Structure formats: C-alpha cells, structure tokens
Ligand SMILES: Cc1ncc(COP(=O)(O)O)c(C=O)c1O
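What follows is one chain in structure tokens, specifically the form predicted alone.
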C-alpha cells in the first residue's frame, strides 16, 4: 500500500499482562518498563465506534490481514508492509476418510507468504516497528519466524539479524539468507538462541521475539478474525492448535474477546486445545497440573522444530487463554506427528510441517478422553507448509521411538 492515509486504527495504549501498568502506544516498546512482562494492545471499542459501519467496511475489503486495520496498531497506510498475507482457506476433511465421529476442518496457513502463519505476525510487527522509527530488527527463531522476518524486513528496507538453533532445517537457513538477513547459528534450542540474541544483537536493533514486543500477537489475532468471517455458518466448537511460543493461542483468544465486545462473534467462543510433543510440553504440563505458571522443560526434544520451545515467554498469558476458553492441553508423540504428516498429505492433499500436523495427531486423544464429543465441529489450525521437510528423514528420525505412531484419524 503506497497511499498515505489514516488506517482508522482504534489503538489506545498498551497494558502489561503481568502488573497491569498502562504504557503509551506511539513509542517503540518491547516489554513492560516496570516488570518486564508482555504488553497487550488495547483498542477503543466503546460507544463512539459505529459497529455496523465497521462490519460493512470489513465486508468490502479483500480477505487478508489488513481487512481488519481498525483493530490493528498501524496508524498510516504508508507504513503497511505487505506481501499479501492472510486469507488462507478453511477446508473440510473428507468425512469418509475419517474414523473420528467429529466434523474436522483445517485452516491452512502453510499457503501464506513465507510458508507459515508467522507471516501474519511479522507483517504487523515490522509495519509498526518501521512506523515508529526502527531501522534494524532481530529475532531468535526455530525457522519460520526467521524466514518471515527476513522477507518482511527486506520488503520494508530494514536490516535483519536472525539467530537460529544449529538444528534448524537447512532450507529455512537458506531462505533467511536469500532475503538478505544476517544469520547466526547457535548451539542448542531457541531458548539458547534467544539468550545469545539479546546479549549480542547489533547496537540499535529492535527485538521482535515472541511476546517481547506487543504487535506480533496483533497480527496473529487476524487468525481468529478470519475464522469468524469464514465460518459464520459453520462456527467451530473447538480449535486445536500447535503450541510453541504461544502467540497463536493468545491471538485467537484476543480476537474472539474483541469480536464478542463488538457483538460480531458468530457463536459461543470456541474451546482452545494446546498441542505439544511429549518431548517438550511445558504448557501442557502446566495445564495438566493446574499450575499458575509455565516452568522450563528439561532436556527438550522433538522432530517439530517450531514446538521445541522449552520456556515460552509470558506463559501465564497462554494458560489464561486456554483456561478461559474451557480448553485443555494434549501431548502427542513424535511418531504420531510424523504419521499425521503422511496422512494429511497422502489422504487429504495437505502439505503440513511437523508442527502443523500435531493438531491432527491429537484428535484421537481428545476424542478418547471425551474432550471433543461426537458430531462436534473442530477446526485444526495448520500453521506451516511441509515443503522444507523430507518425510523419509522425519520417519527415520522417529524409527527408534518406543511409542507406536497413529496415522491421525484416517483409515
């Protein structure tokens, strides 16, 4: 977008989800200046907002992230950095190919620019950082967020440094470099990459790590806004979501709460189910044990790099979203994840990364324990394409697992 017009953003301020401090929004902000907690963007959705006019404006615009500009933080259209993100399809899985007595749908963000849902968050975060004067950005990443930041940084003309765990798929490393980003590999997990990034980032760089700035989650919020537009006559009872850093769950719940405040929610808020691998399940453990915080996971391991997040930042915010929705957590084995990758591709024609396949792998568990009931409508959020991953390599990686894999819910 090249016009310089007001977006109509209703952004008011930023509120710390930890201590509750209110902070001005029109300054470049990372975390709360008082307690270091995550900041949440707050919008004016009060009586001064013409809700019918807002709904009509959305309906006139293309289905993409910027359709919802009034509920996003960018003030001017000139600041918007876009690659056409958003508008991913919602597809029903063939009932005759499923064993589970539920209605399964998939929203496939693997079809977005850069191949994952990270395009949503980075489009908004980069746009807002640019608008507020940032000139160089950095992020620790398991792969997808780095690729997205590299692409949107290039589009915006900003410098980018990306810190990747050494085990990051080489295809993602190459993509980051092709977009012109500086790539630094770090031994260990994304937690190690994060510590290195915050200690060694180039002077003057702005940190766009998960929940360490307030606007990536606003981009992720458009997942829920789009679901509301796309499923008005097929509103889901539950959403099953792969959980690493947790911004997706937070974004979905934030979207549903704001739509409810606007009187624009098609039905009751869906239950949210957080899916994590058995080898790295800090959020699920906290939910299972009814803890008030998410404690670090010792010796994390999984074939799904995007879910290898042993200590997610702002874990309390993630737990709150799941609990307020009356959802829960579920663990899946790596063998179940890889079996789901194969089944989604071979039986349903969907290319899914290991992370994206985890919700499909979780369905038998949720059905067996009664969390999802017969004939309920369930949306699986598929967060990324499987193109950077070789299925035979994934299968070899899990061949020594002690747990038998299940091919999701397909016959």
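None of the values given here were measured: they were computed from a predicted structure. Positions refer to the first chain, counted from 1.
Here the subject shifts to the form predicted in complex with this ligand, a form of this protein not shown in this document.
Site annotation in the predicted complex: the residue of 245, 219, 282, 73 reaching within 4.5 Å of this ligand with a heavy atom is 245.
With the partner left out here, this ligand still marks one of 349-357, 36-44, 22-30, 51-59 in the predicted complex; by a 4.5 Å heavy atom cut-off that stretch is 349-357. Although the partner is absent from this view, residue 118 contacts this ligand in the predicted complex, with a non-hydrogen atom inside 4.5 angstroms. Residue 144 belongs to the set of residues with a heavy atom inside 4.5 Å of this ligand in the predicted complex. Within this chain, residue 306 lines the site of this ligand in the predicted complex, having a heavy atom no more than 4.5 Å away.
For the partner-free chain shown, nothing in 14-39 comes within 4.5 angstroms of this ligand in the predicted complex, judged by any non-hydrogen atom.
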